[in-house]
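Read the single chain below, which is given as structure tokens and is the form predicted alone.
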Amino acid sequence: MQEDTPFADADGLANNDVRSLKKGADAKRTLAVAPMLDWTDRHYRYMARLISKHTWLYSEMVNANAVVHGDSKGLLMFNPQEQPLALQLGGSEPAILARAAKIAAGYGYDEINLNCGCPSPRVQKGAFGACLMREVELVAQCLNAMQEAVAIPVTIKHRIGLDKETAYQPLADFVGTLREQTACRIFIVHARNAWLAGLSPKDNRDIPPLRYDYVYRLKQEFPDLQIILNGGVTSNTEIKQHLQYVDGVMVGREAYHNPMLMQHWDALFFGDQHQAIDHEEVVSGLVEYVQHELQHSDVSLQHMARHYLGLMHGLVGARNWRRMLSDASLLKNNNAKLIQDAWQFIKNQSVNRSEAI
């Protein structure tokens, strides 16, 4: 890879493979940000990486067929600073998944993750996502095909069960079969069932009850596997509690709506005592990034700024930050200075409040 290129791409393939193999094999997955459709694109991930150096980042789910037959560069390119970075693939055809994984590895991803947890009707229509939990032999074929195609780790993300099934054993059988039949050793487990009918994708993230004890039991039963818990985690206190029982924790919506939750993760969970980044530094990094994007790609400020609305969560003036970065009349100029102006407004609010006190 050329050092001055803003994105990872297929150039310098051998170097990418070596770097990704090392990162994928050695990097700790103590904490990760969950793959979230329409949310965890490369613009959000760049901001997340500004805040935490070590947290694993996951792409939104990408259809394997789209990678193989569509615009793979548009779907897969990323800024190298986002790493360690995993690509989540959706699909159920081993040969297509293998081809997509190989293409992705050429872009420098550190991990390929198979989605076996999404319950949306659109995904079910394509015969992948959560419904694959009913076809463990096919899942094994998919994982094996991908692992044979790439040198980086191939992992899986799945639910604890389907519909209103309440027993633990089907989950253990699913994981145990994959442990025996594949080289997959990293299992990301969303601690809710996926209801394939009767609930929207949004409701599937809230209504099925959380069963963290099932995820803990998996780690007890399969101590050689890396078990990463996902679902409903909103605080560092909760993360610390879960890490007593599992190898890692994946945080979803809270890391998106309140990105500065990640501010102290490197020190708390990775043992890296570098000075935690503050809001001023994040804003500075975002302004530089947005300026580059506006000059070198066809992305709009509006598309990028929507991911930054939660950055000032909890601060005085956060509402005005959100207002300014979602105001179409302000965004239409595609000027990165808007981000700096919104931050200056917050600083002024803070100073005025201090003086009033």
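Please read all numbers here as calculations on a predicted model, not as lab measurements. Start at 1 with the first residue shown and count on from there.
One more form of this protein exists, namely the form predicted together with a small molecule; it is left out here, but the text below deals with it.
With the partner left out here, the small molecule still marks one of 302 to 310, 289 to 297, 321 to 329, 27 to 35 in the predicted complex; by a 4.5 Å heavy atom cut-off that stretch is 27 to 35. Of the heavy atoms in C184, none are within 4.5 Å of the small molecule in the predicted complex.
Looking at V251, you'd find a heavy atom of it within 4.5 angstroms of the small molecule in the predicted complex. The shortest heavy atom separation between M61 and the small molecule in the predicted complex is within 4.5 Å. Mapping the unseen interface onto this chain, R205 counts among the residues with a heavy atom inside 4.5 Å of the small molecule in the predicted complex. A heavy atom within 4.5 Å of the small molecule in the predicted complex is found for one listed residue only; from Q83, N193, N115, S92, this is N115.
Only one of P153, P259, G231, G106 comes within 4.5 Å of the small molecule in the predicted complex through a heavy atom, and that residue is G231.
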